[in-house]
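Read the single chain below, which is given as structure tokens and is the form predicted alone.
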């Protein structure tokens, strides 16, 4: 599972970055994969309110948000929004990617699509402020709540700290380690303990993508579903997104991955090989299941729909069989 941190402090050795780093270290110790993007180091263009996302579910701006942040927001199951307080809210550097989450909001509320991980994704706010005023974090909590709703994450609350200003203040705080441990108990442990199933294909652009999405959608609370390919393509097949949208499932911003990348952190209990033959191989400790499903790429939407429905049926049967063993 991926824990993704999006951090907005302009200070490379500031208190916010220390707090986020401590949480990420705890997540890694418990077996999670982690990624952090510092908004100050990766400038994102602000939303220009062009309306393309509300019509098409994509953003018209071609930048790091498009290439890196959207895909990470979709792959992550825990998203951490971290920022110091600037005028009772998050920093300007972080506000730009938050505003650009309008694209994901549009997919959900304008186009009626559900991200496959919407039932399991959790959102956590981390914030520090220099004063002790009781309203210090009100604006930030409100911004975080609506950001997490836009990216289809349940808002788990925040770790917020008053009177943190000078370098090293956060490290001296008496409860931060305990706070992080308790939050990891809540957010990380239940997801780490799930069964892990890898759906593997040749290019991870079609069948294995749909299978992983269906497993995430129907049983994400019990199964960590991964998708990968022996020779991953550059992007998923556009027809996959079209036919899955007919099922109200959003396949936007999903990027094919290699098998090596998928299993580097998450060791699957079950390998489902989907017509990939040798590129799938055998994974030590994983039970292999072979699904003989025709590759529908290039055969038109009707063929893709037929394979989609066949895959969903097989995924539901697999989920039932794994539940029966628990």
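Positions refer to the first chain, counted from 1. On a predicted model such as this, the values are computed, not experimentally measured, just so you know.
Keep in mind that the form predicted in complex with a small molecule is missing from the display, and what follows is about it.
Only one segment in the set 222 to 230, 236 to 244, 131 to 139, 105 to 113 has residues whose heavy atoms sit within 4.5 Å of the small molecule in the model of the complex; it is 131 to 139.
In the model of the complex, at least one heavy atom of residue 11 sits within 4.5 Å of the small molecule.
Proximity of residue 171 to the small molecule in the model of the complex: non-hydrogen atoms within 4.5 Å are absent; the residue sits far from the partner. In the model of the complex, the small molecule sits within 4.5 Å of a heavy atom of residue 84. Residue 146 falls outside the set of residues with a heavy atom inside 4.5 Å of the small molecule in the model of the complex.
Listed residues 198, 98, 126, 164 were compared with the small molecule in the model of the complex; 164 is the one with a heavy atom within 4.5 Å.
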